[in-house]
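This document contains two forms of one protein chain, each encoded as structure tokens and listed individually as structure 1 and structure 2.
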Structure 1
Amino acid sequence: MSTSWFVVPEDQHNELVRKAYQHRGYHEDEAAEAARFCAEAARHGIRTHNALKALHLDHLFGSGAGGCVPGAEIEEVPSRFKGARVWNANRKLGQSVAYRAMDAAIELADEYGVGIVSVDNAFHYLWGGGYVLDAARRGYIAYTNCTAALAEVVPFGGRTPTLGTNPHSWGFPTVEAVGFPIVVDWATSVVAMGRVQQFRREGLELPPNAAVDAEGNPTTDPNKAVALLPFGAHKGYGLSLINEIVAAFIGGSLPTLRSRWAEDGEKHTPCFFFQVIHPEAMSSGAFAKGRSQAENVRAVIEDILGHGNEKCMLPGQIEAEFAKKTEAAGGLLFTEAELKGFDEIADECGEPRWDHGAFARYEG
């Protein structure tokens, strides 16, 4: 289905987002990293985690609630393992921490073949796929998971939300093989809460069995949705549980207390985990018919998509196609409803509203 988009120049978008973050007290480097992240989300059509979501989350649970500390410094915790880093983020802006953690994991992978960075006392980093996508473009296999800001998901067979939406994100350096990085990125709920907010904003219904109302009954009305359900029943539940257990090993505390700030001796912050693998560290060198590693990856993907499966899509393909659409349009693409959201951001930080009529239009 074709959509009518407003084309917003990226520099104009980034300037407003930077100013919005700086208005809330964030330092210049943090604001720039936040704007970079928001632009990448918009470029790839990740409308559930663009600037509107990022700033809304910061208002509810971040600088607006004392859950995120502008200008906080990352503290490295001593570790006896050369290929591992452990950080205390001290509630620094999640996007800043995530970009730096992925860079650190890449440096470790260059030296040791594999690098991991575990982050305690974090603030949500939003779209995990953006970080692994960036690493995959640079030639690495990358993975990240995190615990969400809130416990919004009901365990399989339960009735009370005690899990986060807890995303998993994998990125693979497959540009040579298929033209874009394969990125497997998903929340462990049927939909993310950002999707509920998007559908509420745009007057759309949720898919069946994605959310429950205040009485625990399934609902498709985003205005009545108060909690989410795991995708794939027990399978999504198990994947969400992984994040909670990983966070427990790192230093995370009780999921039902996250982002509910109180002086009660508990911790109220999410945790992040990053892992980067250098492809050479995995190679046996024994590829059939003398293929190189890259050629072997291409051959495997072509076999999967052969045999009548030629119309199947690869994870990350939709995002790659949206990025091509963004490039063709010559700017970031937003709906009219989203532009109204940016008007509110401009009002908050005392900046002029965008002139909607000055933006080019893109149909597609």
Structure 2
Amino acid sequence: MSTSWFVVPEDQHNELVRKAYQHRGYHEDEAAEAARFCAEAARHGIRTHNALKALHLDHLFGSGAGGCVPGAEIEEVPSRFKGARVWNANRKLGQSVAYRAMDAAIELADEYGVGIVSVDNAFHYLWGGGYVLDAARRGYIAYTNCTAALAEVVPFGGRTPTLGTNPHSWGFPTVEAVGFPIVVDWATSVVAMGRVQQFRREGLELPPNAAVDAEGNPTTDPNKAVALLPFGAHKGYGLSLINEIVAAFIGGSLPTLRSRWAEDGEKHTPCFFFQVIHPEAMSSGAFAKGRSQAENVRAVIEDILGHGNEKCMLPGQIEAEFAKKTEAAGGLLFTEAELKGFDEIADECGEPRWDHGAFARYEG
């Protein structure tokens, strides 16, 4: 399926996005980090977290709703541990906190082989895959998880949503081995709530065991679906629970109260957890047939995707292919409908609208 794209120069995109964030009160550095994140999402075809969606969510839940505090300062929580840092993010923009936390974890990994950064009082960082992908491109094994904004997922065997969609993201430095970072990145629900709403609009059935009705019974009818189920029964439930437990150890409070602001003495913020490993810190150096570490990773991947499995995809491959398309086009790719969204953003912050006719076109 070929799409007719408008090619927006990255600098031009980033300038408008920066101004939009600054217009909402974010400081220059935060706005630059937000723009960088939006460009990365667009580059990799993550249209659920491009600038339009990021700014929309910021309006609904972030600076527009008191969930996120522009200009907030990250506080370092004192720690006796040399390879671990704990931050109080004070609800600073999630993308800014996540980029900085991953940088801090990389610094720790450079010295200790492994480093972790735990973040309390966070605001949603949007696309965990973006941060591990970035670290993986820079040569590191990276992992992050967070507690999702709302409790929408029913624990295995239960009937009431008390867990977030709680994503996990792993990134591996496999550019030399396979041409792009392998990124395993997904929520622990079968589908997102936005997808249920989309199925409702389109009159389609949900996949089985993805959602439950008001009585807590599985349903494939999107009109009856009120909450989500974890993927893989008890296994996905365990994976979702991990994020809640990690957050509880960090400082997160009750999941059913998350993002539901009230003066009840509870905390209502999600938590983030970041971890980076230096690949040399886990290398025995003894690879078969004199291979380098990267050559060994390539040989293993070729074995897995050989023997009749040549059509299998690697996690992160779709995003890597979109990034190639972006590179070939020479700019970020948006549809006409998306350009109209950018017009609204320009209007909001008093900037001139982009001249759609001036953009190059790209088919693909």
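We call the rigid core the largest set of C-alpha positions that still match within 1.5 Å between the two forms. Because the structure is predicted, anything quoted here is derived from the model rather than measured. Here, residue number means position along structure 1's sequence, counting from 1.
Taken from the form predicted alone is structure 1; the remaining one is not. Comparing the forms between structure 1 and structure 2 on their rigid core, the Cα displacement of residue 236 reaches 2 Å or more. After superposing the rigid core, the Cα of residue 202 is displaced by 2 Å or more between structure 1 and structure 2. Core-aligned CA deviation for residue 226 between structure 1 and structure 2: 2 Å or greater.
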